[in-house]
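Single chain ahead, by itself, as structure tokens, in the form predicted alone.
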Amino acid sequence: MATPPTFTPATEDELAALDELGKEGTWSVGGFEQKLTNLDKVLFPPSSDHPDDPPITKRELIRYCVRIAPTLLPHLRDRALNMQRFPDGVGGPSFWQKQLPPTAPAWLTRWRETGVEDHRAPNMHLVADRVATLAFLGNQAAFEFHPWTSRIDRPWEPTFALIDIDPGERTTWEETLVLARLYRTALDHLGVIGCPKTTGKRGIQVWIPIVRSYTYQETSAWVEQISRAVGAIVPDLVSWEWSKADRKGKARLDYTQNASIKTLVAPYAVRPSAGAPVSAPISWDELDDPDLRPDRWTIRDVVDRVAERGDLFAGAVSLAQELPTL
């Protein structure tokens, strides 16, 4: 198997040049020049926990993107990318973008869908495979990255089985942790390695790296089985209703995310909330940390966390497992 590429972060000189730009200008990073605009536009207000912190501008978002790039890009490379854009910041309107417009820079890597299964017109997707691409996305205020569960060489074969704990309106953080710990116990019993992460909002997800021999129907059925077992232990916390209105505020263990085209937020992606929290990989032991919160890490401290702990989601890229019979 070919050795995966390594990615170099922006250099100190490149970061200094970004800091020295005015409100807009041409910036070179990773060997590619691009026009940056509205660099001082506020995209995120400070969080309620730190109301005296300065707000987060587009310049700071781009800076984060190119600093986290060596850790984030292995989780995005070779995958079609869906993204949510917030041109006026998190307080303004947003929209999802799957189709890369023809006006986008020619150096961006593109992939057109092949073998579309649901009779849609195929999209021309962006593939994030270099540091400069993340700078481009930051400049577009596109920071909520949703990579496909499959790779572009075999787009209809998932590389993950996905566990998504989706809290309801009445679900407390402690109840979310109870559900996550039950999944931890179940996977440990089965001898399956899962990679947990906070969503940066209210939930927790677990990505299980698998060999590319399963259909989406098979991964969905497997995750449904384990989720039904978890839900049976704490039935008062879980609803299996599709509609949020029918869930009566309870959590949903959403195995239906295991489907073609459906995606979950990438590790280290920024969420559209005050303070710019990120979807942060965690160790299983951290589920027992009383200081753990779903939005604990932001673009201002997660790079330091990675420097200290490494990429806790690395197994999602390096491992490929058979799913045991339940």
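Note that the structure is predicted; figures quoted are calculated from it, not measured. In case it trips you up, residue 1 is the first one in the sequence shown, and so on.
Here the subject shifts to the form predicted together with the DNA, a form of this protein not shown in this document.
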query: Partner contact for residue 99 in the model of the complex: the DNA, 4.5 angstroms, heavy atom; finding: yes
query: Contact of residue 299 with the DNA in the model of the complex (heavy atom, 4.5 Å); finding: no
query: Interface membership of residue 63, the DNA in the model of the complex, 4.5 Å heavy atom rule; finding: no
query: Interface membership of residue 238, the DNA in the model of the complex, 4.5 Å heavy atom rule; finding: no
query: The DNA in the model of the complex: contacting segment from 67-75, 181-189, 137-145, 194-202, heavy atom within 4.5 Å; finding: 137-145
query: Heavy atom distance at most 4.5 Å to the DNA in the model of the complex, all of 58, 257 and 261; finding: yes
query: Residues of 208-242 having any heavy atom within 4.5 Å of the DNA in the model of the complex, listed in sequence order; finding: 242
